[in-house]
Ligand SMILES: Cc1cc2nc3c(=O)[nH]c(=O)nc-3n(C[C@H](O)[C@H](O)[C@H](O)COP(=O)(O)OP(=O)(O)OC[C@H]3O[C@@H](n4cnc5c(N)ncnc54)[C@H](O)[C@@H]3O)c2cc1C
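Just one chain is shown here, as C-alpha cells, and it is the form predicted alone.
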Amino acid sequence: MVAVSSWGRLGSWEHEVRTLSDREQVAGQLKNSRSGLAYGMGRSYGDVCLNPKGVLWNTTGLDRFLSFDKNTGRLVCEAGVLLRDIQRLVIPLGWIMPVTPGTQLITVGGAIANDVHGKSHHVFGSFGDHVQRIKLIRTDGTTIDCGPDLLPAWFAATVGGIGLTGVISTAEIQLRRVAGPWLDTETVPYANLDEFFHLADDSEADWEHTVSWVDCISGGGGRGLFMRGNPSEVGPRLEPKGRELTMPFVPPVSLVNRLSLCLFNLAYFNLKKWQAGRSIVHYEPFFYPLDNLLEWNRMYGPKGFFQYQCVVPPEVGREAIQAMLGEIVRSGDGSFLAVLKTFGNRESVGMLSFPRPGVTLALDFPNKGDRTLKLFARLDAIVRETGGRLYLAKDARMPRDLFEAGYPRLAEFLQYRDPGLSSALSRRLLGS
C-alpha cells in the first residue's frame, strides 16, 4: 500500500498502486483485480483521482506514440502520454493541440476523462471535441472502441466521465495546423467587471485564446488583466530556454495569506499594467505559466488547498461573479490564482463535461478548515441560484444536491458506468 494525495494535498490516503505498461495486458489486469481507478499524473485538485484503500492503476507506463500522419494531423497514442510530449513532438512538424488546460503535465487519458478546457473554448470547444477514437477497457475484460461516429453514447459517457466508464488505453486525436511555437499576444488591464465583459465580447471574433486574471482582494471591484493571443507566423529565431524551478519543501504554514495576497496582487497588477500591450511570446509561458515552478502546490503548507471553479449562465454572469467576489472580500480570504474567462456558445460532448455557455471563475484557497468551507457554502448558494455547476476535476467537497442539479445528464451517464470502478468522488457524490 502506498500513500497517495491529489494536487490539492488536502490529505494522503493508502492505495494499492499497480502500474499498467503493456496495453495488450490491460484487460487481463483489470479483470483480475478488485475495484479500482485509473490514475495518471495526479494533477486533479480534489478526490476525482483517488480511491482510498482501493486499487489505482497507474497509466503513466502507457506512454507510447503509435502513429502520426503529418499530412492530416491525426495522432494515435497510448493514454499515459503527456500533453507536453505531444506538443514538443508535433509543433516542429507544423501541428498543435487545439485545446490544452493550464498545465501540460497531464496524461491524454486524464484530459479525456475530465474533458479539460483551455483558453480557446469559444473557438475550439473542449478536449473531447478533438478526440476521434477511444479504446476503452472495462473491468469485465471487454473492450469498446467508440468515437463521435462510433457508439456515440459510449463516447459521450467517457468524455468527461471522470474515469468511471472504463480504463482508456489508447486515443486518436485530431490536431490543427500551426506555423510555429509563437503567439501574438496582448495584455489589457481592466478596472471592473463591465470592462472585462466588454473585452471578452470584443475578443471572441478576432482572438483564438482569451483569459484574464482577476484581483479578488482589492475591494471586490473586479479589476484585472485580460490576456489574448493568436498563433503567429513570425517570432524570435531562438526559442527561450526556460529554467525549471522547484518548490523545495512544504513550509510549516501556508505562504498564501492575507498579507502575501495583498502584496502579490498589488505588485502583479501594477507590473503587468506597466508591461501591457502587444508582444510575441512562446506558447509554453502563455499556456502553462506555472509549469516552470514544479511542486508549486507545496506553498500552501501542510493542510493543502482547495480550488473552487464554477460556471454560471451568461445572462446572469455579471451579477453572479460580482456577488462571489463580494463574498470573498467579506470573508477576509482570497486567491492570487484567480482566473476569469467566458465559455463559447456551444454545448460539450460529454454527459458530465464541465464547460457550458457562460462565465467561469477559478480560485485557489488555502485550507483553513471550517472557515473555508463556510465561504464555499456561500459561493455554492450563488451557483445554485443561478443554475450553474462546479468542475468535478477541481472539486473536493461539493454537496450532492448541487452536483445533481448542475449535471442534468447524470441519469443517462449512469447507464454506462463500470461497476468495477470507484473513486472517492464517486462514493461521495454517487454513493459508490
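The shown structure was predicted, so the numbers you read here are calculated from the model rather than taken from an experiment. One-based numbering along the sequence shown.
What follows is about the form predicted in complex with this ligand, which we do not show.
Proximity to this ligand in the predicted bound form, taken as a non-hydrogen atom within 4.5 angstroms, holds for one residue of Lys31, Arg43, Arg397, Arg378, which is Arg43. The contact residue chosen from Ile106, Ile328, Ala157, Ile321 relative to this ligand in the predicted bound form is Ile106, the criterion being a non-hydrogen atom within 4.5 angstroms. Shown alone here, Gly163 lies within 4.5 Å of this ligand in the predicted bound form, counting heavy atoms only.
Although the partner is absent here, Tyr190 is not a contact residue: none of its heavy atoms lies within 4.5 angstroms of this ligand in the predicted bound form. Residue contact check for Gly110: one or more of its heavy atoms lie within 4.5 Å of this ligand in the predicted bound form.
This ligand in the predicted bound form comes within 4.5 Å of a heavy atom belonging to Gly102. The three residues Cys216, Cys310 and Val359 each lack any heavy atom within 4.5 Å of this ligand in the predicted bound form.
Proximity to this ligand in the predicted bound form, taken as heavy atoms within 4.5 Å, picks out 31 to 39 from the listed stretches 401 to 409, 382 to 390, 31 to 39, 369 to 377. For the stretch 50 to 87, the set of residues having any non-hydrogen atom within 4.5 angstroms of this ligand in the predicted bound form comprises Thr59, Ala79, in sequence order.
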